[in-house]
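As structure tokens, one chain now follows by itself in the form predicted alone.
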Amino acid sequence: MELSLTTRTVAEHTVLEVGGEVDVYTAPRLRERLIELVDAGARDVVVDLERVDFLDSTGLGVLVGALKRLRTAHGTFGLVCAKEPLLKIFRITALDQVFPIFPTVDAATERDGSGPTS
């Protein structure tokens, strides 16, 4: 399956909408796009995973890398995810304690993105 990446701005946050499957084959595209956003000056980034059908460990690694990159740049990073299968992955890996996870883009952009909500 293809990976779709769309960027928009919501309440001064850069929202990256991700769709499809994030796996060993598509994760490099996601990594490149996140690096481009940060290098271009994005400091408050929200990754919307609502249209993601599959996420493997490679995809999780890309998200962790983006979180570290933004922390180093004194930025914020949040995820939008309400799909139970994906939330389960974050819980099993304890990454729900690392990432701020929000149920909607509106919820993610209303806050400063500094703390998890799950």
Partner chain sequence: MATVRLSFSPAPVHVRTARLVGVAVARRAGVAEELLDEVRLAIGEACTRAVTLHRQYGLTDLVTMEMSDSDSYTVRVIDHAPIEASVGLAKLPPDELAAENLTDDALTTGVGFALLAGFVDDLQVRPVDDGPGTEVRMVWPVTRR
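Keep in mind the model is a prediction, meaning the values are calculated, not measured. Positions refer to the first chain, counted from 1.
As for the form predicted together with its partner chain, it is not shown, yet the points below apply to it.
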query = Check Val24, Asp56 and Leu60: does every one of them have a heavy atom within 4.5 Å of its partner chain in the predicted bound form?
reply = yes
Its partner chain in the predicted bound form has a heavy atom of only one listed residue within 4.5 Å, and of Val38, Leu49, Leu30, Ile89 that residue is Ile89
Whether Lys68 contacts its partner chain in the predicted bound form should be assessed with a 4.5 Å heavy atom distance threshold; does it?
yes
- Query: Could you tell me if Thr9 has a non-hydrogen atom within 4.5 Å of its partner chain in the predicted bound form?
  - Reply: no
Check: Quick one: is Val64 in contact with its partner chain in the predicted bound form, heavy atoms, 4.5 Å cut-off?
Finding: yes
For this session: Look up in the predicted bound form whether Val98 has a non-hydrogen atom within 4.5 angstroms of its partner chain, and give yes or no.
Result: yes
